[in-house]
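Presented as structure tokens, the chain that follows is alone, the form predicted on its own.
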Amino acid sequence: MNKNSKRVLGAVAAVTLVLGTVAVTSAQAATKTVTLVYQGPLTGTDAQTGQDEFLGAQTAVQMYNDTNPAVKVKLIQADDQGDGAVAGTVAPGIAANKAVIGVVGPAYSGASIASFPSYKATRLTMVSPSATRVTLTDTKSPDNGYPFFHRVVGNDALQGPAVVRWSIDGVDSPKVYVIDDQTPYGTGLAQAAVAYIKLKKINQVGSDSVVQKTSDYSATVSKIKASKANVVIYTGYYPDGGALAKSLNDNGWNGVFAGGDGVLNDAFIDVAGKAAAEGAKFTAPAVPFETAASAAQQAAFTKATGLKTAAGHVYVTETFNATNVFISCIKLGKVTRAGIQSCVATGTFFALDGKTILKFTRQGEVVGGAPVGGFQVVKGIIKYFGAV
């Protein structure tokens, strides 16, 4: 998607948020309707992630509603900006809306933690397409969303090792430097990566922890250069990851820049610049929609979103899958919060390809985990290389 189309989508997202719902025709109004919420960053520095994910929810709902079902689905957007502080103010309103029977999201781990008190208190079921912090499903952690939080992606216990393997692939004598952004997501992924580095006795030459929205990365760059690192793993989000990659490139550092799914976004290239972004590696428990979807599903995506392709948009497949978990339950006549919770917790669902089975553990994880994919910027385009 080019920058102009991104701006259009952002404007549409903002308008939809103000109105509160996706438009419903008069014919639909006469039909029984239930409401789902997509919650993620729709404005702010991380807006592209939420806008991308919403495309998957739109597509799933459009495809379902086009079958003229007895119960139709209304889709509402909730903008938490990917920020726990904002999510803490957004979630109570969603929880209090009795028409809402499920939340597709939250998208980010910190926002999930901040939303849990409201959703757990009102027994509102969540299925996240992208929140990966391990503690979200750990019943011994104060951060957990049990029993109402579920996710269709593997957690950072899987992604941490994967980002290390992918970052050092093809590197002779790797010397790894790990940096987190002090967020719940960033620190969790960094911990998983470092644990794997120690387990495999990989040479870690340093680490740092740098707060989000840092304006000057020169001190961190100096540390990296002094350490002689030839691989940098950044476990944060793309606005800051792009700024760090640019600073490294501007200061003459040559090596592999890598990050987890928080950095995987076309906007990373815009922030870093093409020279700094080239060759950067990312991991994500995600499969590109354009890779996994059938011709009919691709056509449905275009009808729902007005876009020719999902290429360049992250977590569309996973948001489609998360939304369809709810839709599958609605098809079975589960149209209350209690009914949805029971169905999601115990049911068996199918992913976009119609073959992959999604079923949740008691804690809300996908049974058997989920593959983590490797991505890399090649000639200015993020390409998918399969599971790593």
Partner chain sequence: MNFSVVVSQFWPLLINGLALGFIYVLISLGYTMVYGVLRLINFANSEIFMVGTFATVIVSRNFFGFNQDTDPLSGFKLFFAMGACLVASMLVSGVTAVIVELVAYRRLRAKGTNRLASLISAIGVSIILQEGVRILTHSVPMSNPRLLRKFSVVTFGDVGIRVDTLLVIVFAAVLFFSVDRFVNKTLLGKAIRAVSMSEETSKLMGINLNRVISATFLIGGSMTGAAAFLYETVYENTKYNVGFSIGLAAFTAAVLGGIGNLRGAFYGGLSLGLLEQFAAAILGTQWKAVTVFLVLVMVLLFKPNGLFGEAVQQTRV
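Residue numbers count along the first chain shown, from 1. Since the model is a prediction, treat every value here as computed from it, not as a measurement.
Below, we turn to the form predicted together with the partner chain, even though it does not appear here.
Shown alone, this chain has one stretch from 338-346, 40-48, 356-364, 58-66 that lies within 4.5 Å of the partner chain in the predicted bound form by heavy atoms: 40-48. The partner is absent here; in the predicted bound form, the one residue of T291, N203, Q182, T309 having a heavy atom within 4.5 Å of the partner chain is Q182.
Comment: the partner chain is not present in this chain, but in the predicted bound form one of K303, K274, R123, R165 has a heavy atom within 4.5 Å of it, namely K274. Heavy atoms of K72 never reach within 4.5 Å of the partner chain in the predicted bound form, leaving it off the interface. In the predicted bound form, E278 stays away from the partner chain, with no heavy atom inside 4.5 Å. At a distance threshold of 4.5 angstroms between non-hydrogen atoms, K198 is out of contact with the partner chain in the predicted bound form. Residue contact check for D138: none of its heavy atoms lie within 4.5 Å of the partner chain in the predicted bound form. Although the partner chain is not shown here, in the predicted bound form the stretch 220-249 places heavy atoms of T220, S222, K223, K225, A226, K228, K246 within 4.5 Å of it, in sequence order.
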